[in-house]
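Below, in structure tokens: the form predicted alone, a single chain.
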């Protein structure tokens, strides 16, 4: 199956007068048509930077030092604003993290969805046709069309997120990037929003990137998973394989699962990952996870590991490389040079 999105060796640095933040350090990702990819990691791992890089909405301080982002064989890095305008909203849409700040408080929610439709209207629709389309979109996200004339402050957090989803779906994009879409919502509303997103994805045959720190959301929504740490993808694989505790995993992945309560086992306390996340302004010489890893060896502190395949899982780890005699090397990531 052909890939809808391909990210190769992507490096992004945030540069200020005081310091350089190495946000992304050689990202390789692929997304197939109709697939949902979950990107999981701690706060500051670089998950949102991937999304903004795909949308080409990075801050002015951000510099893409190397890499490629191809959407449907079109290179997005270096594309003109006119070319990007044809992609954003129309082909790739983004659901931002906080619905409370994603909406314009001075416009009705209906006007904001209508604005999206008009901005990408290729069919020269009449006002009546646009009105019908907006009604249809609101029905799809389960909001009564009469509420279109209300302002965002009249809506609860969950309803605001439905409006944001409606805006993302306004032009029937092929890819939706959801950046922690349920973070600001309570558990009950979170479940409703996830169900709505999954239903719409299937109905519209849309691909999706789900960015989250919640493995429970990943289990409900995703086909494949990418585990991210300190600007790198340390493990990727199919959902059922990443969640299979009998298989070999990156120590960081294992640590994430140990920190989650298990209904089928009894323990006095959860086991957190020791230490704190690596400082992106001063990354270690070897493996970025070496300072926190209980399997750390001398080589881990000195040499950046390569990506190897263990079955269908791809894992970047010296310990597993020696434990399982190297696996099968991933040709995309054979460079052991540290980022600069």
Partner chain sequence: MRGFIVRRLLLLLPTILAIIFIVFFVTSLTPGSPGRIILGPNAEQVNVDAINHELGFDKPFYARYVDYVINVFKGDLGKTYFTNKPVIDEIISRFPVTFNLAVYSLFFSCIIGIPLGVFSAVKQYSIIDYLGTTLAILLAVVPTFWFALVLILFFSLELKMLPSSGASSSLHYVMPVIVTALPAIASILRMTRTTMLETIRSDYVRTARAKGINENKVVWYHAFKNALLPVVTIIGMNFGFTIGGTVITESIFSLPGLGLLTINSIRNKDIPQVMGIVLFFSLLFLLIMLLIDILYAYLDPRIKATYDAKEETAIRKGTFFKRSIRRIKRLV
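Numbering follows the first chain given and starts at 1. Values in this document were obtained by computation on a predicted structure and should not be read as measured data.
The same protein also has a form predicted in complex with its partner chain, omitted here; what follows describes it.
With its partner chain left out of view, the stretch that reaches within 4.5 Å of it through heavy atoms in the predicted complex is, among 134 to 142, 83 to 91, 251 to 259, 203 to 211, 83 to 91. Within 4.5 Å of some heavy atom of its partner chain in the predicted complex lies at least one heavy atom of residue 115. Taking the partner from the other structure, its partner chain in the predicted complex has a heavy atom within 4.5 Å of a heavy atom of residue 57. At least one heavy atom of residue 167 is located within 4.5 Å of its partner chain in the predicted complex. By the criterion of a heavy atom within 4.5 Å, residue 192 is excluded from the residues contacting its partner chain in the predicted complex.
With the partner omitted here, the residue from 188, 106, 74, 126 that has a non-hydrogen atom within 4.5 angstroms of its partner chain in the predicted complex is 106. Contact with its partner chain in the predicted complex, judged by any heavy atom within 4.5 Å, is made by just one of 238, 220, 147, 120: 120. Annotation for 8 to 27: the only interface residue with its partner chain in the predicted complex is 17 [heavy atom within 4.5 Å].
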